[in-house]
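As structure tokens, one chain now follows by itself in the form predicted alone.
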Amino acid sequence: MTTNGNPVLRVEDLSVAFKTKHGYAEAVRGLSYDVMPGESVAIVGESGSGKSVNALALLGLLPRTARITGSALFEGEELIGMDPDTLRKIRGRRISMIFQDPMTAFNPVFTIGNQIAEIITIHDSSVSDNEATKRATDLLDLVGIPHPERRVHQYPHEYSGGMRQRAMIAMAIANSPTLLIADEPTTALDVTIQAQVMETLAAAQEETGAAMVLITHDLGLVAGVADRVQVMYGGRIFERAETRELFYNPINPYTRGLIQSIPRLNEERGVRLNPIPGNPPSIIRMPKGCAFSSRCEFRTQVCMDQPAELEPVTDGHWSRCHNTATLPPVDDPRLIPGGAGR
């Protein structure tokens, strides 16, 4: 990881709301974070926490009815409110996104090679069709697609789920972007294919030298991939730390709940999982206090009455909790097998 210089991406006070018949639903609320050159930052949380909405807002892929405020500086250029034509020149060239469902992200009536070649030629008109096809074949080979010279002429439905996701990664790195955004890249894949896809993603990042934002609900994925982790809940960051620090010393009750709910290979047979009770709050009717208060075993009256601020606890470790100082120590954070951090 290279952390010298300015951030590749600096998000400050980003908020996203959608207009409904009941008023505005706040999906992201005052989100701020940095991504340094070559760094991998994971954004983790349950469904509905605002992880993917954040990424779509950065790339201008939300509907026009979305109300977006705040700032997102990419290499010094403001993405929020950027002219659509200018933003189109950045998407796919300097910022690429790996979508969570490649079957719907790919066009079913064009070959995989045609779609990868198109993203190359659309950003560089000097590349011929033959050169672009050759580049597409090389990219498929790079991400581990067998027989790429044949597969480049096949359609998305002729690929397996894991192969489609690899092809999506190939498309994302076709123009050597500065920033990769991977949105749930292993959704609906079995654990063996998940591991292969994550290895491919790591190889692609090393090949391009890109920074990466990994969006996932699965803490198991980030342990060996991310440099830093940001845990989201209710549209806000609830905890932020380096990966190893977060797994060994989770401070926020929500993060502890996520870690403790992960199955363990060394657990005795028949032992039940320890899930977080209750459900995430509605983004239309957020509680006036801490968004996690109704599910938190450590809540006090202040948690119910007012939201907590994201504050530094130690150097580089931040948490959003009123009761950080009085929480019991973590003797068994139920670490993911294989270690946390790289």
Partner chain sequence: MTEPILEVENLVTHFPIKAGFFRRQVGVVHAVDGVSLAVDERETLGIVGESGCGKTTLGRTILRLEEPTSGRVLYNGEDITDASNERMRDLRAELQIVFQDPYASLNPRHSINDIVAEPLLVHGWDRKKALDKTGDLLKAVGLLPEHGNRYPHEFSGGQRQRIGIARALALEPAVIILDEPVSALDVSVQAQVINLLEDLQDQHGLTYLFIAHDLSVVRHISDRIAVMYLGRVAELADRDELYENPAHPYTHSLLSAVPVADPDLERARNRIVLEGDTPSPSAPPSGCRFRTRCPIAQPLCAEAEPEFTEISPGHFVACHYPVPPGQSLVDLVGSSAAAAG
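Positions refer to the first chain, counted from 1. As the structure is a prediction and not an experimental result, all values here were calculated from the model.
Just so it is clear, the following notes concern the form predicted together with its partner chain, a form of the same protein that is not shown.
At least one heavy atom of N266 is located within 4.5 Å of its partner chain in the predicted complex. When contacts are judged by a 4.5 Å heavy atom cut-off, S160 counts as touching its partner chain in the predicted complex. When contacts are judged by a 4.5 Å heavy atom cut-off, H317 does not count as touching its partner chain in the predicted complex. Its partner chain is not shown here, but in the predicted complex it comes within 4.5 Å of a heavy atom of V271. The stretch that touches its partner chain in the predicted complex, counting heavy atoms within 4.5 Å, is 274-282, out of 309-317, 274-282, 57-65, 22-30. The putative spot formed by A195, L219 and F247 is fully lined by its partner chain in the predicted complex; each residue has a non-hydrogen atom within 4.5 angstroms of it. For the options A226, I181, I169, A117, the residue carrying a heavy atom within 4.5 angstroms of its partner chain in the predicted complex is A226. In summary, among the residues L142, A202, I80, I262, the only one with a non-hydrogen atom within 4.5 Å of its partner chain in the predicted complex is I262.
Applying a 4.5 Å heavy atom cutoff to its partner chain in the predicted complex picks out E46, S47 from 24-57, in order along the sequence.
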